[in-house]
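What follows is one chain in structure tokens, specifically the form predicted on its own.
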Amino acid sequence: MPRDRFEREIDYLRISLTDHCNLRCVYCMPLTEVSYAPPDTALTPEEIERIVTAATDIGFRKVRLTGGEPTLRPDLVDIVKRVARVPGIQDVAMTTNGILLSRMAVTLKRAGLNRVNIHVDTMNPERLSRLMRWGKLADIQRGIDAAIDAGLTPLKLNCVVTKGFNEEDVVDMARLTVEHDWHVRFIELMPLGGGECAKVSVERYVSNVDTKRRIEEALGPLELLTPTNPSDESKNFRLASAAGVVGFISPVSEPYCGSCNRMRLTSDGRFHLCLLKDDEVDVLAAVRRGADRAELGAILLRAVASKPTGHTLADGRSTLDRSMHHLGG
């Protein structure tokens, strides 16, 4: 398993399949003048398979498919099949808004997808459509139901808490774990991209310290669970007698950079070294000129060796070249 210069074991590849999305969440994508990668730079299923194969050669074991919104890729099932069949890959997961999942959950499961995280910021339909613009709760709920029926579990729901939009809804979101064996995770806003969405992320930021306090005041104490994975970015808790888990992902108030095990591959073929920085290593050019597994693996090892540690949000610095929809979290 590859280690970076800070002795972190890096074995988890997050692959952005597209920077397009069928939502326009206020903290992620503007309604107009959205920046997209050129279409001819999009990695093909075969190219993705080659990169994943090279990654397993050097010790990568887990893959997550993200976006933008990955279900917008018409060749998603083919991608899942190719990734899942690579020897050495132990887990294939996907992060999605769930809107299109009801029509493809079973097929994706059969193709080799193990589980999904579904992004839903509130279960209030009016506030959801205001925050996750173009989104309808009924569509996402159908996606949740389809994921459960297909066995894409354990199901995780990702809720980005945004001041003035959904901070009061965190209690109802956490309450879902009482009867359901779901993981409901609350995520702090991160200012990526330097545009209007980054401004929203700064002005509408809610600390998970406040979110946890609000949940406990309404539902009682949260019991801290013993970590089962040292690289889990979520600090996990359980409400009394609850079936599921309440998690807090706190990159701003409680950074977890020291245990990061992730490498990100953008949809236009670059290894993005840290979510909150602009450092990247190009792999697309090597793939397009027919580089073999050894060369692709060497490029990935160079990217791993260059990974930084610690973000600079406290100094007011984050990514300028990439927004969240380019990176998939």
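Just so it is clear, the structure is predicted and the values come from calculations on it, not from any experiment. Residues carry their position along the shown sequence, with the first being 1.
Absent from the display: the form predicted together with S-adenosylmethionine. The rest refers to it.
Looking at heavy atoms inside 4.5 Å, which stretch does S-adenosylmethionine contact in the predicted complex, given the options 33-41, 286-294, 258-266, 66-74?
Selected stretch: 66-74.
Residue-level contact is defined here as any heavy atom of the residue lying within 4.5 Å of S-adenosylmethionine in the predicted complex; does H119 satisfy this criterion?
H119 belongs to the contact set for S-adenosylmethionine.
Please determine whether Y27 contacts S-adenosylmethionine in the predicted complex, using a 4.5 Å cut-off between heavy atoms.
Judged by the heavy-atom cut-off of 4.5 Å, Y27 is in contact with S-adenosylmethionine in the predicted complex.
Applying a 4.5 Å heavy atom distance criterion, does A147 contact S-adenosylmethionine in the predicted complex?
Taking the distances in the predicted complex, the answer for A147 is no, it never comes within 4.5 Å of S-adenosylmethionine.
With a 4.5 Å heavy atom cut-off, would you call N208 a contact of S-adenosylmethionine in the predicted complex?
Answer no; every heavy atom of N208 is more than 4.5 Å from S-adenosylmethionine in the predicted complex.
Using heavy atoms only and a 4.5 Å cut-off, determine which of N166, N114, T177, N158 is in contact with S-adenosylmethionine in the predicted complex.
That would be N158.
Consider the chain as shown here, without its partner, and state which of L128, V184, M190, I215 has a heavy atom within 4.5 Å of S-adenosylmethionine in the predicted complex.
Looking at the other structure, the residue within range turns out to be M190.
Are there residues in 79-99 with a heavy atom within 4.5 Å of S-adenosylmethionine in the predicted complex, and which are they, in order?
Stretch hits, in order: T95, T96, N97.
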